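Shown below, as structure tokens, is a lone chain in the form predicted alone; questions about how it binds or moves come after it.
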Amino acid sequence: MAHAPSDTGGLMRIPWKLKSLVFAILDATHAGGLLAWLQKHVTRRSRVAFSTLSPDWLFHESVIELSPGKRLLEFGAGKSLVQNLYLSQVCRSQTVVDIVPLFDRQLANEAAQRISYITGRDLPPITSLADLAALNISYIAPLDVARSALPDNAFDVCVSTNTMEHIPEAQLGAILVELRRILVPGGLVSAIIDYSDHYSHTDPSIGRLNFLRFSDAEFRRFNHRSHFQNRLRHHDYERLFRDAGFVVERDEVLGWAELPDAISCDDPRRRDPTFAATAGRFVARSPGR
């Protein structure tokens, strides 16, 4: 689960071009392990720190409650599995996947302790992946959900939080088509998506939509494999759901920001009223029920 803070308070402030250079070096040296270490110990963006339940978890919980079977799939689960630990109270089972292995038992244990403290639930200590079985959670990585080989009709609901914005458009379309296959007829997708420029999360000198200043060719210089942003807008995701055959039952814009003074490309999407959205969420249903 990728975390996208709403401001830079308490976080390391990094000029965005410098951060882009660091990601370029990490890509060139295939230093994914170093990136995980930096996020945990230096920038601390992967640390578990919360004093209240996330509105994202509560939103997904409300969607799961609409599902009779409550067999859940999440792609892009992340390091701590904090969302899955919370949702274990309402799910019959959870299969959580990442395209690369990210699970961190220390962060997961911290998350379990925090959830236990806030909710009063007695979650077990998480010392290894095996401990997740007590909560009916199965973690699978690496797994590309676009080519999952998971059984047909295996899940009742899929959740995704701040992950879709990191997936190229064509691959995201393939994932949604695959979800049609592995969800039961009438199965639900609950998606929360961050449309903002992620460099702005640690650089307050730029706007939340700074990356729209650039054409695709220009932004390619700053858009790296280890920090990929697809720059899709709210209505693009709605289109992708519909193109994959889903019925969009609910879509909401969660935030707005001023557009940059200059937008490099003459993008016809600018005519859509949601072009300046910074976050949104969807509930989509697979047809057949």
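Don't overthink the numbering: it's just position in the shown sequence, from 1. Remember, it's a predicted structure, so these values are computed and weren't measured experimentally.
Only in words, not in the display: the form predicted together with a small molecule, which the text now covers.
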- Query: Honest question, do 77, 98 and 102 all end up within 4.5 Å of the small molecule in the predicted bound form by heavy atom distance?
  - Reply: yes
- Query: Given that the partner is absent here, does residue 196 sit within 4.5 Å of the small molecule in the predicted bound form, heavy atoms only?
  - Reply: no
- Message: Is residue 129 part of the interface with the small molecule in the predicted bound form - any heavy atom within 4.5 Å?
- Response: no
- Query: Applying a 4.5 Å heavy atom distance criterion, does residue 110 contact the small molecule in the predicted bound form?
  - Reply: no
- Item | Close approach of residue 213 to the small molecule in the predicted bound form, 4.5 Å, heavy atom | no
- 200-208, 163-171, 183-191, 85-93: which one contacts the small molecule in the predicted bound form at 4.5 Å, heavy atom to heavy atom? 163-171
- Task: Just give me the single entry in 158, 115, 145, 137 that has a non-hydrogen atom within 4.5 angstroms of the small molecule in the predicted bound form.
- Result: 145
